[in-house]
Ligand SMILES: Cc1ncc(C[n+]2csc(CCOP(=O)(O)OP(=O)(O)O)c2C)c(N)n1
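First, one chain by itself in structure tokens, the form predicted alone.
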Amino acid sequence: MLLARVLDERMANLYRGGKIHGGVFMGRGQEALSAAVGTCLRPGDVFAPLIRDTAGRLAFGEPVLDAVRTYLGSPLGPMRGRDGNVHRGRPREGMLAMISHLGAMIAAVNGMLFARRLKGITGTVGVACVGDGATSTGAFHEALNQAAIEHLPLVAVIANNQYAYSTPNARQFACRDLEDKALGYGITGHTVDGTDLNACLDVIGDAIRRARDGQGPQLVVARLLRLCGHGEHDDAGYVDPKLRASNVGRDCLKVAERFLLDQGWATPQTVAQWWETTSHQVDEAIATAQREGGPDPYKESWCAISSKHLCEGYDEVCDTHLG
């Protein structure tokens, strides 16, 4: 959670300084839910992250350099300088590159899970993270219906941050709660306080265990608030101040820190050291990516990443630069 917060803030600073082209989308306020997802997954599982899932990506094993290189356009990053910000991934390792129309990610995870079934691979699950806005899309409905019919080991995690960009929940759906949608698909629903790390670990962990044990798709709805704009280009002036002041507007990082201090598992000095160490780690990654520069537009063919010469060279790049 801490690493994600520091990394996001550094990327936002670089964006404001004109060092990043495109957009920066921060996960401030969503780190507890995201970290819980990445922590509860195992190697071999499938993870389709949300736009604000920096913490989940890191917990699932993404190197900090992957994120920084992608944002800064380094040809040594996983997208080889072809895409910026959050559209990065390592599909062979189970981490999908995000499709911005998030409802479509559920179907992509379904496809991977069904392919594994055909190959006789068992014991793995797939998690697709979406926002409350994605639940209004046809792709969300079709994919959940498919997962339910095929009894796939899917966990769909909805980060209900109260706004689809600037559209509030009241203008998105008329049901009492998004968890109610689970009943309509014939799958199991769960609700969790997305600001509480312990609660997220318990509920996400239980949902993943159920899916892994053959109990079919699971739908998890987390209540939280995006503590920033949709992106760094958005000042979030439309957010209701009452939501910010409510429990749903708590900063999950501060909640987790207070819990650690109250339990005596950490001291203020320890927490300060964590911040310092994490900041140094992120700054080193930024310095590395900045030294690498971008692709040479006159020499680069800009062919698909799956083309032969890029695939053959990528393992060597990883071995050299990622250890």
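Since we're looking at a predicted model, the values are computed, not measured. Start at 1 with the first residue shown and count on from there.
A second form of this protein, the form predicted together with the ligand, is not displayed here; the remarks below concern that form.
Undergrad: Quick one: of 247, 198, 100, 122, which gets a non-hydrogen atom within 4.5 angstroms of the ligand in the predicted complex?
TA: In short, 100.
Undergrad: 227, 164, 203, 152: which sits within 4.5 Å of the ligand in the predicted complex by any heavy atom?
TA: Contact with the ligand in the predicted complex is made by 164 alone.
Undergrad: Hey, in the predicted complex, is residue 51 touching the ligand, heavy atoms inside 4.5 Å?
TA: Although the ligand is absent here, residue 51 would touch it in the predicted complex, with heavy atoms inside 4.5 Å.
Undergrad: Quick one: is residue 134 in contact with the ligand in the predicted complex, heavy atoms, 4.5 Å cut-off?
TA: Contact check for residue 134: yes, within 4.5 Å of the ligand in the predicted complex.
Undergrad: Since the chain is shown here on its own, which stretch among 143 to 151, 215 to 223, 156 to 164, 113 to 121 would lie within 4.5 Å of the ligand in the predicted complex, judged by heavy atoms?
TA: Among the listed stretches, the partner-contacting one is 156 to 164.
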